Structure formats: structure tokens, C-alpha cells
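This document opens with one chain alone, in C-alpha cells, the form predicted alone.
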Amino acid sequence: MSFNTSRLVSSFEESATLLLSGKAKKLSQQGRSIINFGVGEPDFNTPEAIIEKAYSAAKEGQTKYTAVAGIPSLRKAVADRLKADYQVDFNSADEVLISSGGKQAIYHFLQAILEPGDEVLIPAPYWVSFPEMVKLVGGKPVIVASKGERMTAEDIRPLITKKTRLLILNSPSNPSGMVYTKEELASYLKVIESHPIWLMSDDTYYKLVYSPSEWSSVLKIRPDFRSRTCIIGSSSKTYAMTGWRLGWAVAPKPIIDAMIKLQSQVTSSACSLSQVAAEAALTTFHASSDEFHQRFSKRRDFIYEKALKIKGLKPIKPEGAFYLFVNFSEALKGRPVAEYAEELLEKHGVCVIPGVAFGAPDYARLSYALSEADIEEGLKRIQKSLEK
């Protein structure tokens, strides 16, 4: 007797970033010299003081289940941090849900607002998981392709239908590093304001924005969107806490209550010690994020200038996050980037993520959450592979 997996499993793709990065790690474990530009996480450790807070909490017995929505003091810390950084009045911890990573928060939000067949507007290039999670809850991803270098309100307008229920914005962007200007954000909100469309703002990288670019919260621009906006955040990138798996959603209380109900049947609460660590990061040790920002800013300039010098490559200068999005079409002369990426890893020991996973098949994403020595060596190998 044989059994097949469900139609649900075959309806979406595995995360390309995790798949290729996992392959790169396996090759590295086998003794291969691998430069992994695929990793979407800082290469330095969580600050020692944050680790000590979690260790002390464990010794003191904080190893039990917490409330499903999260430790009250952490929910308040998230609200207070956003109030300070966004310059928006977040007074109620009741509007905050703590989850096991930003992904879970996104998924529960989609479950809470979407019905089967509802359409979700997703600007391209997009984070690989946005379309797949929409499919998982029965929704329909509608990709917003830009006619120019940056998305405009007029790119969004013709795609709105009676079934449109959500617009997803991600700024700074994974994978392009683009940061929307205040004027751009205002124009996007103007387009959807007269429609029953939710807004999800994935602000995972908002602390990693590089001069002269400036980041602004959608809720500072349009406070009246408060009742129809969900903000997604995470301790992963800002504080080098990817493995702690701690994220959050901030939304109107009725939606948060619905998400708590969903989470109660999936994972219950997030890890108690991760919550303690995240609270310490958001409060006492928040300044540690400034050091990380400075290091990433220097690496951004380093990798961009180096990539510019490789014949045929056309990198987009990142305004935020820690990814370089590079157009390989001229260098590869029509060869698929995905095919090249497989060969690059197998023969040259360099992992990059093909842009097809982000809705941009001519591109590849290179994380610069690596040492400058590794960045330089990786780009040398890419140049060598292209010369061949």
C-alpha cells in the first residue's frame, strides 16, 4: 500500500533560500571550501549580555510555558520600541502578538484575514515566502511588476479587483535592499484607501537603513491606516538572534485576538527564554544594534564597489537590509541564472540565490552578512566562473 502527500504540499514551493543554503552547508561539512552568499543571517553572535539574560532566566526557573500571546513585559517592550522608533503612539500591549519568528506571525495574520480565493498584492521582487504562504491559506498571490526601476502607485492600481484583500510592503526589501520613500508610501496608500484592503508592513530590516536613505513607518505617514494595518517585526536581523526564533505582529486588537486563537492550536507560546532575550535586546541592550548597523554599512559599500568592477554584472546599490541584488543577464548572455547558480556552487564553491525565487529571473541575491575576506574571495570566484 502506498500513500501520497496532500495536494496542499504540492501547491507551493520549498524555500529556495533555505534549500540552497542547506546544500552549501552540507558541502562545507564535507570539507569543501564554500563561500555562502545565500545566508540571510548575521555572521556574528548574539551580544553576550543578551545571552546572559537568557541564561540567568533559565537558572531562575523561567523555563515554563508562557501566555500564548507572549510575556506581558515583552509585549509592552515591543509596543514601547515601536513608539520610540516609529514616532507613532503604541500604548497597548494588547495589540502585540509574540510568535516563534516573523514567519509565524505573518502566517497567522494571513489566516486571520483571508478567505479562499482572496487576492494579495505582492510587489516584485519579493521575499520568497510571501507568495507561498498566501497559497497555503488558500489565497491568490497577485504579483505587482514595476514598469520602471521602482514601483509606482500606477503599477498597483490596475491590479485591484473586488477580491483584493491585502497589499504587502517590505521595506527595506529582501531581496533588493530598496527602501520606499515617504512619497512612494503615501502614493501606495492613496491607491488602496477607498478599497477594503488590508496593509501588511514587513519591517524586519527597518533598523538597517544606510545614509542617505531614510525609512519611515506607514503609520506615521497615514495614522488613519492604524485600523487596517499589521506590522511584522523580528529580533533576528537587528540583534543577530536568528536561531532564537522570535518575532511579533502589531495589529488592531480584534485581529491580534484572532491570531492568538490560531497560535494557541499550533505552537502555543514562543520559547520562554527567547522572549526574555528579546526583551533585553529591545530595552537594555538596544544600542547593540547600532554597532551591527555600522558593520553592515561598511560591507554594503565594499561588496557593491567590488561587484561593479566585474564585467557584465549590474548590482543595485542597497539602501537597507544586507543583500546585494545583481543582474546577471549580460554576463550570462541568456543562460538561466538558476542553472548558473547550481554550477557556481558545485564547481566553484559559491552559493548565491537565483532571482527566480524572488520573481526576478535575471537576478541573483548575495547576502553580505559575511566577513570582507569571504566577500572578496566569493566575488573573485564569481568573476573567474564568468570568465570561463
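Residue numbers run from 1 along the displayed sequence. Since this is a predicted model, take the numbers as computed values, not measurements.
Omitted from view is the form predicted together with a small molecule, to which the following refers.
Comment: 96 to 104 is the region of 256 to 264, 214 to 222, 96 to 104, 148 to 156 lying near the small molecule in the model of the complex, near meaning a non-hydrogen atom within 4.5 Å. Contact with the small molecule in the model of the complex, defined as a heavy atom within 4.5 Å, is made by none of Thr46, Tyr239 and Arg299. Interface membership of Trp198, defined by any non-hydrogen atom within 4.5 Å of the small molecule in the model of the complex, is ruled out. When the small molecule is considered in the model of the complex, Asp202 lines it closely, a heavy atom lying within 4.5 Å. Shown alone here, Asn170 lies within 4.5 Å of the small molecule in the model of the complex, counting heavy atoms only. In the model of the complex, the small molecule lies farther than 4.5 Å from every heavy atom of Arg228.
Residue-level contacts in the model of the complex: of Phe292, Phe90, Tyr206, Trp127, one residue has a heavy atom within 4.5 Å of the small molecule, and it is Trp127. Interface residue among Ser234, Ser269, Ser274, Thr164, judged by heavy atoms within 4.5 Å of the small molecule in the model of the complex: Ser234.
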